[in-house]
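The chain below stands alone, shown as structure tokens; this is the form predicted alone.
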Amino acid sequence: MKFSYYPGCTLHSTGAEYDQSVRAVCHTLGIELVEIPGWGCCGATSAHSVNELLAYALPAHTITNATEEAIAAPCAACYNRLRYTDVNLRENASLRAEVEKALDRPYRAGVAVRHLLDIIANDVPGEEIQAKLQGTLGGLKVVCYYGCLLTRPKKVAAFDDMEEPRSMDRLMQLCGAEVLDWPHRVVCCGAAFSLSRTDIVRHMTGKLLTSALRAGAEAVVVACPMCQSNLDLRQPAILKERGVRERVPAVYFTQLLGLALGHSAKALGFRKIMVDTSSLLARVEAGREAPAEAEG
């Protein structure tokens, strides 16, 4: 499988460990990533509140630069903005004409925009992944956090259930993790206010973290660098405010999948996780001694 790869701004900066783990996992699974030449910022959550035309033109520029028939976007925010743009430009001829005028070239319709979780969970057969596992995640207790942009709105992000997504759950179970149920899998972390209203972010993220700890999670598994940053970087201060002593690492699904596939913690960028992951890694290391078994 070959995809145009859109890392987006975050995976080239604060989310570099996500990029590392994405590339490692895709190489092992035979997914070829061709970085889009001249890609630009997707506009994230701010462009559409400032300039509507710009909010469409930025993702359209990247989509039009894609060299393959489908784009793999690991960031949930980037994925959402690119998908939203593509859906609207396909349906609205006058909007498309405005965007093409701004780009000074035709928009390249027909390029499928997909999140990497969708690709791995739905295009790579489970038995193929299982055959490449170098052990298991050792029964690591995890909660899967999809966030608010990965599965919404339904018309745009249609690869999983909007309110009860399970693709990440199945993937983690395949790797030998124990996936716990919890009520906050699609609740917003407040990423849009990461700089402007940190009080809101602390409140929203605090609820997520305490919910994960109540569920008994040893890790929160994420598929978005903005979510990971809020759950990880701010966690010590947030939980201290709430009088909670426990900590729970927020790690990318590709990092845990990468461990199960035999990659080292160093190669997957675990050193960049702010919350201590030593107990998590010890559990997984023990699990590598026990080959994964197929589910009935």
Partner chain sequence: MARIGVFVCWCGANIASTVDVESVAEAASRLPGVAFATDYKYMCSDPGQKAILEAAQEHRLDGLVVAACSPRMHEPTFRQVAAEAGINPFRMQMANIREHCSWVHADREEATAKALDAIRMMVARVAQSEPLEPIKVPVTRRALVIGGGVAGIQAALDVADGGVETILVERTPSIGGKMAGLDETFPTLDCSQCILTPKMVDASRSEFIKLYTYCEVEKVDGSVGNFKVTLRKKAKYVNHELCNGCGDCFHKCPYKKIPSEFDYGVGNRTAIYVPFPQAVPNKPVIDRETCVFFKTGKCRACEKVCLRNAIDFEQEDEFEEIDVGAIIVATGYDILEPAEMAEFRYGAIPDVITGLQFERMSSASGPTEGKIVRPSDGEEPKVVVFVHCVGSRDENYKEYCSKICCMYNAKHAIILKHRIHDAQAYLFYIDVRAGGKGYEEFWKRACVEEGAEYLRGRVSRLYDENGKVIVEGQDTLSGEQVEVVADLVVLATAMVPAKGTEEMARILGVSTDKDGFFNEAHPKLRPVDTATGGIFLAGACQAPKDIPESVAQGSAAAAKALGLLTKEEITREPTVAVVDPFICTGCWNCVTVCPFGAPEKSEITMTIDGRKVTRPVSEINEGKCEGCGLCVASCPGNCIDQRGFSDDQVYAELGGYLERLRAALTHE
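Here the structure is a predicted model, which means the values were calculated and not measured. Positions refer to the first chain, counted from 1.
Another form, the form predicted in complex with its partner chain, is not on view; read the next lines as being about it.
- With a 4.5 Å cutoff on heavy atoms, residue 103 does not count as touching its partner chain in the predicted bound form; it lies far away.
- At least one heavy atom of residue 184 is located within 4.5 Å of its partner chain in the predicted bound form.
- Residue 207 belongs to the set of residues with a heavy atom inside 4.5 Å of its partner chain in the predicted bound form.
- Proximity of residue 162 to its partner chain in the predicted bound form: non-hydrogen atoms within 4.5 Å are present.
- Proximity to its partner chain in the predicted bound form, taken as heavy atoms within 4.5 Å, picks out 186-194 from the listed stretches 186-194, 168-176, 125-133, 79-87.
- If you take 209-238 and check each residue for a heavy atom within 4.5 Å of its partner chain in the predicted bound form, you get just 214.
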